[in-house]
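In the block that follows, a single chain appears as structure tokens, in the form predicted on its own.
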């Protein structure tokens, strides 16, 4: 249904609510703060908003451990604030997407509390198993966040499966009653007017029968038996047929360790169950599989990830384009240069904003927020980070262990947004729930609003430009000079328009390369990161966009 393809013309802004803006002075970001900043989001050119979870939660995983799916947490303003934001979003011609987290719940959810007591019909809402002989766990799987994937429950006298934190028990999606609950959740929010869902680790919801031991996978042991499980497409098709097809909404699937070929089984426009997929390859240009196995940044690896998804989805599906979100450290600190913060931030923006797909901008990305470097590991909040530090090699000095946290912790993406240079970066008039990055005096929205050459204003220009060009929506993609370790050059082409995008990832001047068939003398330079630069030498981290019509 083409009427459901409106997302192809949009740019989304992701909000991690507790660190976006505090509207009532209690130190916690909330929906009143979001309402206050909707015009700012709109001014970026963003016409969609994706909220990370805002449901009631004990906070073991910052809201991804949900205790009630059909309410809004009081600390975010409750349902009153949510309805005000939803109305404000729609009044501005924007869309609102919610996070849907149904692989697991909080252990404080009513369903789990009844399941552990074997109260019907909740007895089999979760994945319970008795201990093996000598009290051993049901299998050798490891959780993604916190030790073994099994936790003993004294009340029930059995182990429950948790692929993430201990307080995040996995739902038993093989139980049709659980799938009916998911449909009720979807209908509740869609009937209220929500425009779609980002579905958290949705490829994990079906586990292999028998839950066998994993003797192959070196990390995330067990993943081959629960990622892309035996019934995942069947269950997603059921959600689509029974609920989603009846609404003009969009769905995004988060899918760790997924290839374009596998992704098409979910998002092919002819027979897929989901509209778009959030892949992780573009986050692996400086690590192996996970941020916690860092390597030197490789532009070639980043280009390969970008191009693989562009080529293999062409004509069959639609890409999610992103460089930052709540689950990864800040991208300038990883792929760019803190020394050339503004310049590298601009070239990173250009590198992905003119590809084919729907771009997402994460809060603070547009002003070039950087990684946070606390003085003590005790200052971190994230359960994933704490677990990694506790299990890191104690032969290393604390400084060495702390340096790895600086590089890899997703808490760097969760420090409060830096609105101005006043106390607490203008995030709150109270005491912030989390630490503000000390660089807020220099890096903040207010300062960048005043500077016409700022990264913030560059994002506005780039987003406006991509929306004005038919070739960005419709054109084919081609990468040039793929072996270059300093330049990312790609073109887009459709009937009547041709675009050339040139991005330098070098920290010094570098000679520009122009692909065969592109004559810059009759092309129009429509966007550049370094004003006045037009010769064949690119400044450090310079980017340019040329148009032929």
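Residue numbers count along the first chain shown, from 1. Just so you know, these numbers come straight off a predicted model, no measurement behind them.
The following text describes the form predicted together with a small molecule, which does not appear among the structures shown.
The closest non-hydrogen atom of residue 347 lies beyond 4.5 Å of the small molecule in the predicted bound form. Shown alone here, residue 198 lies within 4.5 Å of the small molecule in the predicted bound form, counting heavy atoms only. Contact check for residue 228: no non-hydrogen atom falls within 4.5 Å of the small molecule in the predicted bound form. When the small molecule is considered in the predicted bound form, residue 61 lines it closely, a heavy atom lying within 4.5 Å.
Site annotation in the predicted bound form: the residue of 143, 444, 168, 310 reaching within 4.5 Å of the small molecule with a heavy atom is 168. Note on contacts: among 162, 388, 414, 466, the single residue with a heavy atom within 4.5 Å of the small molecule in the predicted bound form is 414.
Heavy atoms within 4.5 Å of the small molecule in the predicted bound form are found in one stretch of 61 to 69, 35 to 43, 515 to 523, 491 to 499, which is 61 to 69.
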